[in-house]
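Quick setup: one chain, the form predicted alone, written in structure tokens, and binding and motion questions come after.
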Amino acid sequence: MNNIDAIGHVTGQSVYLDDIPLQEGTLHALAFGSDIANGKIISLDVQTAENFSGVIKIFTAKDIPGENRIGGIIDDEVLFARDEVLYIGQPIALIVAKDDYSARKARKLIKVTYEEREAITDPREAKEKGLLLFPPRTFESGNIEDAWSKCDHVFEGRADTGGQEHLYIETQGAYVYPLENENLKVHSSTQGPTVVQKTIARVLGLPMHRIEVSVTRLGGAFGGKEDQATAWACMAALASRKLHKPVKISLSRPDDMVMTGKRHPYSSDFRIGLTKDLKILAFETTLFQNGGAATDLSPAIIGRSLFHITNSYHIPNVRATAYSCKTNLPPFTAFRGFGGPQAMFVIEAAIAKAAELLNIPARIIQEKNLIKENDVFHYGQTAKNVHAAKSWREVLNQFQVENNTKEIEDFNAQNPTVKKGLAMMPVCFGISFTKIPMNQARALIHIYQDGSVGVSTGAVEMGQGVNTKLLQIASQFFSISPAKVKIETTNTTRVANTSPTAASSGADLNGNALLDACDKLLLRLKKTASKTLKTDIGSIEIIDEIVFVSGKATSLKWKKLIETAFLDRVSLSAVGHYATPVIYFDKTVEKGRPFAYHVYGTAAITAKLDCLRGIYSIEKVQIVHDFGNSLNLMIDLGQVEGAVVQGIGWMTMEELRFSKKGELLSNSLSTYKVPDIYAAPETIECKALETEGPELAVLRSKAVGEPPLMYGIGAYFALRNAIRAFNPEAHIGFDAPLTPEKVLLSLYSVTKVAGTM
């Protein structure tokens, strides 16, 4: 089945926030942010700006009727700074004007006097000064202290990964207008409608039922709208509530880049120990997460890092400690992979260093240590339905990796200034929210009198195709034409208390809730059919909109069945609920079963490097991926391709840079480079691993949003291998992204590159 949104997207009919028709009298809001990274606010003068032509009102913290608090996990973030500012771009005031032009002009007239303080931007420096967002966590298994003495080889090092700008095409925004009886309607570009609803209620001092949040779709999110969409919706809601007018806020690209958080940068130390037969016996790491100025989602992200610190490998003795460090940068936030990629880079760096010092290919160590059935993860979960080795073998066989390796060796021998490198990247990624209560969802179904069906869930469509999958589920379950099914907008009045569409769990949670509702309705319809046809309910089936009895078609069709049920006063509406079973986690011992299942896969990546200029290309990405029983393979393959390119961008060219004073230097598309058509791999080939999906995946179709991003990590190590083919003595460390500048320095230098050891 094709993506149901495809035609709308390419013809411009799809409705995003900026496509919502504006009501008469709509006002436009613009945030005023700090221009220093750390300081005390001495004075704030908004009078001149408020008197500017076209300006209606300027709101500050003193205008908030409820709480000036928007923190989710930890209550440490304010909507508007009042006494101090902690990062450049932190909102201090909100300008509301008749038009965006007047608001922008007025913003330049606001005057703030600060008592500036030193800015901290480095997580290691923050840790040394005791600046942590919350206490550290340690995951441990086996006996790490005893294990070192049993290792034949022990290697130490450091690994650094930079942040990443989400660069969703649709920037942050919201449109809010008052309804009767002092209610508010909120259109928000958010992954978490309930989070927006709950936080607006908190800021305005209202009960949640007064706030209706509606989302049609997002123009991209990648995690950047899971938590950070909330502030902008709160600002628009505050202004609308106070002024009794419709208010819209839509960030410009420069404002969005400066004022919002990115993927967390990490700096990590590692120590790895191997036996003489190359089994990894011990692995220890310390992660320094740059959390920014407030907690945001950092606790959950750092937790997922700890869960994924061993990637696809079974290591009996592990100790991983993570610090979330408070710096004077915008609060870093969710990004596709949610801490998993940063952790996987560390273990892959440790293996690469061991392999280089042992003078063997890293893939020998990788293959020897792949996790197997019934191995126990370092957090206590027993590995079931493991496909790590199977996907590895399939890549070797289907893509003839050994032949490719020989061809690369021959190419490198014949070309002194152009080199190629190949790297393997296995992936093992757990599926579920690691905060157990978030693993629940609801769905609402109406069957109308003509047999058409309306479906409401908590899932937010943001380009990943979840609407198509949900439509398929309803269509297949009732065995009716997809044309008879409509997926409604995501709305907190129809479906309440939703979890964000994140953690690759949108289809699983909402799809299973939908199945629960479908099951209730189908049972009612079968009772109606058995009564009408005077037969046993157990003999009833509906196939292609025809009622069958004991395998034989009857004259009773879907539409007539619905009409009959309605006339017989049978309820044609149902609510479904789903809570992921079997998962649990005890934080007091950091052990449990946090994931419903794991997604596996392996990629072989080939890079080509111009050693005179440091310019490179990714020639081939060849993947065998574990989709389970895919609901829609075309959509899933699209997710793989997009994720891979996004991962390669993070690893190679997307360099997020801040000055020592906390100023974002990569603040535009001229200074922050994302992959374009010329930077994308020449070939991306993905083959589905033949497996039976797990029961807890919706219709056994595994989640696909986040896991493929980690294949992009292999591009870093493929490039690294190409560099070493040119200069075996190169000391290039492990400092991502590996930009052309860093590559060029590495090619002709045996000194340490900044940020490595």
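Because the structure is a prediction, the values reported are computed rather than measured. For every residue, the number given is its place in the sequence shown, counted from 1.
Keep in mind that the form predicted in complex with pteridine-2,4(1H,3H)-dione (LUZ) is not shown, yet the notes after this line are about it.
All of Ser432, Met438 and Ala503 within 4.5 Å of pteridine-2,4(1H,3H)-dione (LUZ) in the predicted complex, heavy atom check: Verified in the predicted complex; spot residues all in contact, yes.
pteridine-2,4(1H,3H)-dione (LUZ) contact at Phe658 in the predicted complex, heavy atom, 4.5 Å: No, Phe658 sits far enough from pteridine-2,4(1H,3H)-dione (LUZ) in the predicted complex that none of its heavy atoms falls within 4.5 Å.
Tyr597, heavy atom within 4.5 angstroms of pteridine-2,4(1H,3H)-dione (LUZ) in the predicted complex: Output for Tyr597 is no: heavy atoms all beyond 4.5 Å of pteridine-2,4(1H,3H)-dione (LUZ).
Contact label in the predicted complex: Arg304 to pteridine-2,4(1H,3H)-dione (LUZ), heavy atom within 4.5 Å: Judged by the heavy-atom cut-off of 4.5 Å, Arg304 is in contact with pteridine-2,4(1H,3H)-dione (LUZ) in the predicted complex.
Tyr616: touches pteridine-2,4(1H,3H)-dione (LUZ) in the predicted complex, heavy atom cutoff 4.5 angstroms: So Tyr616 does not count as contacting pteridine-2,4(1H,3H)-dione (LUZ).
pteridine-2,4(1H,3H)-dione (LUZ): the contacting residue among Glu654, Asp626, Glu226, Asp508 in the predicted complex [heavy atom, 4.5 Å]: Spelling it out, the residue with a heavy atom inside the cut-off is Glu226.
Contacting member of Tyr379, Tyr175, Phe80, Phe338, with respect to pteridine-2,4(1H,3H)-dione (LUZ) in the predicted complex [4.5 Å, heavy atom]: The option sitting close enough to the partner is Phe338.
Contact stretch among 123-131, 597-605, 495-503, 356-364 - heavy atom within 4.5 Å of pteridine-2,4(1H,3H)-dione (LUZ) in the predicted complex: Comparing against pteridine-2,4(1H,3H)-dione (LUZ) in the predicted complex, the contact stretch is 495-503.
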